[in-house]
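Next comes just one chain, in structure tokens: the form predicted alone.
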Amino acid sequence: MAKKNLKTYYEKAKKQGWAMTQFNVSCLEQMQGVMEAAIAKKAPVLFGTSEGDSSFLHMPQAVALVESYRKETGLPVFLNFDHGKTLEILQSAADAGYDALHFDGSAHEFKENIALAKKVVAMARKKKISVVEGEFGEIPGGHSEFHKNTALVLDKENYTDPEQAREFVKKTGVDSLAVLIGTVHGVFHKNPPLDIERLQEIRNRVTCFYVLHGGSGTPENDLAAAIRNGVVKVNISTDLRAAFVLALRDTMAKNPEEIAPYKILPPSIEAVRKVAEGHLLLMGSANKI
């Protein structure tokens, strides 16, 4: 099939009322599990690598793997650089061939964030990258946290301000915006509910694509409501990591003498596949290629 860019699928998701799932990965085996799910559900695929993921997997290899899967399966498979915090690392991702860039400027003052985000957008356009994602409010929680016995309470005062969102998108030209309405990085005993009214207020003021980080552990009904109200991408990382590692621990406990990776890793790949299938169905992207 002819390659369509990621923005095409965001537009399709927005029009039809479903969302892309961004699966953050750091190894081939995680990608394999996600691809098996995507093939089974005939769904478009968006992989994400953070700075940590890409430093382990390496950018050129991540790009090559995505391109390989795209050619092999005929599915629309894309790659986003997630939480890039400097122009230098995002330039490296653009040069390597990433399909999308996320500039996380939440550590900067608002005006400086806008100035830097504009530069990222200009950089992306030169590389014909169709989607640049911006962020000006830091998503709480830890990127690798899996605390089933811990509760997390958020202060709504820190949620995305609709008027700031309007200004940010207008001045930067970003295609999508990471909105803070209750999602967190990590899985806790009870993840917070989403503030759908806040999302609706943002939607009334801001014309762009809306994305959610920290989809793992978020109440399913809330995610469905967010998608109905215009969210076109939901990031999933902790759920994949937990599925992969917990299966691996179980395999090693049952087979402590085994050293062949091709015998040890299949249960972890299968665990990732099951989790990925569940999210593809939840986000409504099955049969949307």
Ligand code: 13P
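Residue numbers here begin at 1 and follow the sequence given. These numbers come from a predicted model, not from an experiment.
There is another form of this protein, the form predicted in complex with ligand 13P, and it is not shown here; the text below is about that form.
Note on the interface: of 64-72, 251-259, 36-44, 233-241, the segment with non-hydrogen atoms within 4.5 angstroms of ligand 13P in the predicted complex is 233-241. Between the options 90, 184, 177, 77, the residue in contact with ligand 13P in the predicted complex by a heavy atom within 4.5 angstroms is 184. Within this chain, residue 105 is remote from the site of ligand 13P in the predicted complex, having no heavy atom within 4.5 Å. Contact check for residue 84: every heavy atom lies farther than 4.5 Å from ligand 13P in the predicted complex.
Residue 134 falls outside the set of residues with a heavy atom inside 4.5 Å of ligand 13P in the predicted complex. Within this chain, residue 192 is remote from the site of ligand 13P in the predicted complex, having no heavy atom within 4.5 Å. In the predicted complex, ligand 13P lies within 4.5 angstroms of at least one heavy atom of each of the following residues of 211-232: 213, 214, 215, 216, in sequence order.
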